[in-house]
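The chain below stands alone and is given in structure tokens; this is the form predicted on its own.
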Amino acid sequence: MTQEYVTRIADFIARYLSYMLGAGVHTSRVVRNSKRIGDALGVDVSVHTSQKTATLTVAEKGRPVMNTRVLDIPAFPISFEWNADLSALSWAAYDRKMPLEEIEARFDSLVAKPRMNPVFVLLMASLANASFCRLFGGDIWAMLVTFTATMIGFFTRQHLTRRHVNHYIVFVVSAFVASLCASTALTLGLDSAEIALATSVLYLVPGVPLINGVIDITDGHIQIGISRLVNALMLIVCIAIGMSATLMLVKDSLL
């Protein structure tokens, strides 16, 4: 195995783990999958991760031929599809002893698959929040207000994200817009107006970072686990700031 071939393997595994970490996969799975692909290709893989970067070392088994690099982790949208597909790719590479060229080709086809239609995601998120409103005791009118407020807030989030606005600002503005639209339930005098107001921002709750942070800490990846929990806490604070701005505007309607 030549140095050039080890470098090619390192190039691919660097892309692989960058996509998985960027898409919100917890660290232990990324490390296991990367090592599994390394085993399939006859190399040892070592990974150290943090919130924004990862250090990768690829070495030929039993020989001092290696390649080490530091990677920037890109910020992709959370993708359970990439999680499942890329994990399956690592098993296919290991079980079938696939050559590097075939693994690369399959990886490129998986990450090039079209994403869900943003309008479909918008409608499903709005329907989910309306369902939460009903679950927490809201009536049909509160559900309608929640659905509309979520749709407007989620559209605002999509629009600001496409413009690469800082994600903390995105969360503050999106929470403010959604809760302000939901505050119309107070003006209309709905019995469950408070429920509509509270559930209108649930689409912003950072559930994946919270879960991944706990998993990372329990699996021994303390640094990135704490980083993810702190980031999730900051996002929750941003949601609270956005809702607080709305409550300051409509506080007379709450009395």
Partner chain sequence: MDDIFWKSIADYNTATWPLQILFIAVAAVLTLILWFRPRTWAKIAIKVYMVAVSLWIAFVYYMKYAAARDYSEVIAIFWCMVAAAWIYDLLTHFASFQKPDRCSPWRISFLFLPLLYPVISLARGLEFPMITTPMLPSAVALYMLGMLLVFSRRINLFVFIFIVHWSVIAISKIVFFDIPEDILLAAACLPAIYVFFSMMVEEDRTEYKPSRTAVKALVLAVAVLIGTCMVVEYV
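Positions refer to the first chain, counted from 1. Given the structure is predicted, the values throughout are model-derived calculations rather than measurements.
There is also a form predicted together with its partner chain; it is not shown, and the following applies to it.
- The candidate spot formed by L122, L186 and K251 is fully in contact with its partner chain in the predicted complex: every one of the three has a heavy atom within 4.5 Å.
- This chain lacks the partner; the member of L86, A175, A149, A93 within 4.5 angstroms of its partner chain in the predicted complex by a non-hydrogen atom is A149.
- Among the residues V170, I103, L180, L71, the one placing a heavy atom within 4.5 Å of its partner chain in the predicted complex is L180.
- Although the partner is absent from this view, R115 contacts its partner chain in the predicted complex, with a non-hydrogen atom inside 4.5 angstroms.
- In the predicted complex, its partner chain lies farther than 4.5 Å from every heavy atom of A54.
- A residue is said to contact a partner when one of its heavy atoms sits within 4.5 Å of a partner heavy atom; L144 meets this definition for its partner chain in the predicted complex.
- In the predicted complex, its partner chain stays beyond 4.5 Å of every heavy atom belonging to I78.
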